[in-house]
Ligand code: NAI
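Here you get one chain, nothing else, as structure tokens; it is the form predicted on its own.
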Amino acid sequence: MGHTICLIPGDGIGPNITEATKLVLAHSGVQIDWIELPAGAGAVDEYGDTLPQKTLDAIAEHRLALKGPLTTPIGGGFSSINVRLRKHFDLFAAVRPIRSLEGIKTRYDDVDLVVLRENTEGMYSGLEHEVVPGVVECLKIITREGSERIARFGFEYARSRGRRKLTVLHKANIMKMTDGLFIECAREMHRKYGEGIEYEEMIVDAGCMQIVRDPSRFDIIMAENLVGDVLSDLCAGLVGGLGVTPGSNIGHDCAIFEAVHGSAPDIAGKGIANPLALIMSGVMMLNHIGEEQCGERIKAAYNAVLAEGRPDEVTRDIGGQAGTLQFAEAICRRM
């Protein structure tokens, strides 16, 4: 059975890595009709918006997308397109698997955890305003509904993936009402949906220390939006960085899978970027739509390429000399 999937190539290296990912997915045997859509800085000249209505309409119709990296200006400019997408389609769960890969040497071995982040609320949702000149305020919104649904998702995810423990990292010792509500809801959902799943809570600063001391003590880490975003990148560093970790944004009836790294404009168009993170996100997408066999075929293939580590088959960031397309072709050969 074929699938119609929206594709946002993104900015910078996005077009290069999305083409490589399409090649790998096609070679796995899955039948995909891609609908390529504009978004990002490059869409402004033609559409007058970083997130054109035609893109929103297509995702609303098909409820599934794969997205390359999008540029977000620092300290000014247009608002985050990623945040707009998450809020528009109510993609309340960000799922970031973090796994050690053979052939990518780090300080840690056998890391295997998932960072689960509430994706639509909290301080990171971008509700800011100027109170008076020289005074700005950022609002942290935590709701019972939002907290309950991410916690319920977390326990259901743990059970469906055979995970054994869920740890909530929070700052409820200081933010007693907002983070306090978040952990209160997590406790309630554990009682209702967490049978067989160990549950613990940890203040986030102490939790970060424990992560870098011994990441093996964690299985699923759940947090509110801003804390979850920071933890996602911290944990990616355990296994080699954002270039080797996938990501997804899940709602009740819509999902967007993405490369979580930046658009790297300094190497855009040079054909040397590592497409692995987006390929891995593509595997997550295949699992989501019931194409697990094709996903496993890709996963086994890129594991083999990384384990062998031939310089002509892996990209520069992981010790090789291959370009974006050459890396994708090496994965295809293993399939």
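Residues carry their position along the shown sequence, with the first being 1. All figures in this text were calculated on a predicted structure; none of them were measured in a lab.
Omitted from view is the form predicted together with the ligand, to which the following refers.
- Using a 4.5 angstroms heavy atom cutoff to the ligand in the model of the complex, none of 28, 296 and 331 count as contacting.
- Looking at residue 71, you'd find a heavy atom of it within 4.5 angstroms of the ligand in the model of the complex.
- Looking at residue 265, you'd find a heavy atom of it within 4.5 angstroms of the ligand in the model of the complex.
- A residue is said to contact a partner when one of its heavy atoms sits within 4.5 Å of a partner heavy atom; residue 100 fails this definition for the ligand in the model of the complex, lying far away.
- In the model of the complex, residue 86 approaches the ligand with a heavy atom inside 4.5 Å.
- Partner contact region in the model of the complex: 252 to 260, out of 220 to 228, 252 to 260, 155 to 163, 171 to 179, criterion any non-hydrogen atom within 4.5 Å of the ligand.
- With the partner omitted from this view, the residue of 247, 215, 146, 243 that lies near the ligand in the model of the complex is 243 [heavy atom within 4.5 Å].
- Put simply, of 281, 274, 55, 50 only one has a heavy atom within 4.5 Å of the ligand in the model of the complex, and it is 274.
- For the partner-free chain shown, just 317 of 299 to 335 comes within 4.5 angstroms of the ligand in the model of the complex, judged by any non-hydrogen atom.
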